[in-house]
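The chain that follows stands alone, in the form predicted on its own, written as structure tokens.
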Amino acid sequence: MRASPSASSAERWANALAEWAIPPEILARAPASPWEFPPGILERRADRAATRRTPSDRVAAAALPAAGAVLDVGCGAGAASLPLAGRASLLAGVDVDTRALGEFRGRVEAAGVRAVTVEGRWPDVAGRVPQVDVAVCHHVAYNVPGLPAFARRLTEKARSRVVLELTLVHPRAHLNGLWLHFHGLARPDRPTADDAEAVLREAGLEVERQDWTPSEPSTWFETLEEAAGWTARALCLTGERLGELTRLIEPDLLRLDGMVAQAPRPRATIWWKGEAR
């Protein structure tokens, strides 16, 4: 249901996210959850992230004291926080995925930093997480209808800064043409990073923002077949449509370093001051 013109920014955000729900009749035929990442994608993202610095990494590092503590919400395998391991003494990861938390812990400890992992959904598990100097949260906001409370709890946990990264448009928006092709279903075009910024400002946070485009992709596949399989999963497609799907997506995929990758998409880094003491 679309929000009325008089609705708050938070209400418009939640209503826009609700429109991304997949119709039950399509979801019932899906061979696997379209919202979950299969093994490999998050791990490759974390491993490549540990070797480079993005605007989000620099904004977080600028607020992190030597031997400081970092909270990574929706950590996956650690792409948002591992670039800070050289300066931090503690990386705390929160995620709903047990396997991802194990990957996070292994990478953090291999970097010589103490790891803390908490399984659960933010902000429900905020009480189990220590206060930190910097909180980072990358590519989670579009999964959060209650963004004001989510952001407020991050603010309460961080002494210095909260850094949020998200794509300028919904991360599944690039699949909208394929949804129309395979299902005859028009998908939403909102919310956007502009909407997220409006919600945060409405919540009383004095945010700063930088828009940028990555120098390399963030989603990598070992083969074209893996790329097509992940895309089919995201589209709730069964195996008999895989060949057709592969032909449609192959021209837009990149071949780099012996792998297949999705083209990088513009994103926003949004940050604000923490309030923990």
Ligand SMILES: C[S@@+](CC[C@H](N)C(=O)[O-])C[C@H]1O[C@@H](n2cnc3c(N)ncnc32)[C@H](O)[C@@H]1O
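All residue numbers are counted from 1 along the displayed sequence. Here the structure is a predicted model, which means the values were calculated and not measured.
We do not show the form predicted together with the ligand, though everything after this point is about it.
The partner is not drawn, yet in the predicted bound form one stretch among 193-201, 90-98, 175-183, 127-135 has residues with heavy atoms inside 4.5 Å of the ligand: 90-98. A residue is said to contact a partner when one of its heavy atoms sits within 4.5 Å of a partner heavy atom; residue 112 fails this definition for the ligand in the predicted bound form, lying far away. With a 4.5 Å cutoff on heavy atoms, residue 102 does not count as touching the ligand in the predicted bound form; it lies far away. At least one heavy atom of residue 120 is located within 4.5 Å of the ligand in the predicted bound form.
For the chain shown alone, residue 42 is a contact residue for the ligand in the predicted bound form, at least one non-hydrogen atom being within 4.5 angstroms. Between the options 158, 140, 151, 84, the residue in contact with the ligand in the predicted bound form by a heavy atom within 4.5 angstroms is 140. Of the candidates 108, 163, 71, 79, 79 is the one whose heavy atoms come within 4.5 Å of the ligand in the predicted bound form; the others do not.
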